[in-house]
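Only one chain comes next, encoded as structure tokens, the form predicted alone.
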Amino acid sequence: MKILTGNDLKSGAVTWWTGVGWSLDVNDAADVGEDGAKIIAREEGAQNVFAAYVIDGVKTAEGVRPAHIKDRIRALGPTVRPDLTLKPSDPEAVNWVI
């Protein structure tokens, strides 16, 4: 599966394309197939997101998981302070990155 990630123009937060807009939760990410470049051009042109790019992802029973560790870290948040991640109450969340 191909998914889009980028950064929110106002806050800089990592965002994921849902098929209709942008979400902070990677599990909301939609498969864009071969349309990634077109969506990026439209969304960056409308200033909805910046620095967007297409990545490989895998749909698992737990949700969408970016294929590359760099993007898994972006999806979860800081690895040095688990209390600041997007899942601070989940002690197993850091294992999701590796």
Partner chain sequence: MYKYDEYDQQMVDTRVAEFRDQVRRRLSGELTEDQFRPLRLQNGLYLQLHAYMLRVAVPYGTLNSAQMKVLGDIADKYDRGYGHFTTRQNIQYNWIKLEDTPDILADLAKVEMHAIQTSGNCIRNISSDQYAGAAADELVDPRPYAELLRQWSSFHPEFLTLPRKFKIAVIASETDRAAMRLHDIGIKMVKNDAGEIGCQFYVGGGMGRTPMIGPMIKEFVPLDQLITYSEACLRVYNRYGRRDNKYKARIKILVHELGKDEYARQVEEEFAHLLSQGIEPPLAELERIKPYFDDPAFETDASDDLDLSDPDFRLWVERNCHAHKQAGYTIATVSLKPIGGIPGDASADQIRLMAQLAKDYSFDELRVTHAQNIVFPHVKKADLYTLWQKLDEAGLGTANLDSVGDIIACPGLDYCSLANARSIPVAQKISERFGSAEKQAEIGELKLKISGCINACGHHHAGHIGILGVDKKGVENYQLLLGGSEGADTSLGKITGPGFDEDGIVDAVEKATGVYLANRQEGERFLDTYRRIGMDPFKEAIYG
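Positions refer to the first chain, counted from 1. Predicted model, so just to flag it, every value in this text is computed and none were measured.
The form predicted in complex with the partner chain is left out here; the points below concern that form.
Asks: Do Val80 and the partner chain share at least one heavy atom pair within 4.5 Å in the predicted bound form?
Replies: Taking the distances in the predicted bound form, the answer for Val80 is yes, it comes within 4.5 Å of the partner chain.
Asks: Quick one: does Ile73 come within 4.5 Å of the partner chain in the predicted bound form, counting heavy atoms only?
Replies: Ile73: yes, in contact with the partner chain in the predicted bound form.
Asks: Can you check whether Lys59 is within 4.5 Å of the partner chain in the predicted bound form, heavy atom basis?
Replies: Output for Lys59 is no: heavy atoms all beyond 4.5 Å of the partner chain.
Asks: Is the gap between Ser11 and the partner chain in the predicted bound form 4.5 Å or less for some heavy atom pair?
Replies: Ser11: contacts the partner chain in the predicted bound form.
Asks: Check for me: heavy atom within 4.5 Å of the partner chain in the predicted bound form, for each of Asn7, His68 and Leu84, yes or no.
Replies: Verified in the predicted bound form; spot residues all in contact, yes.
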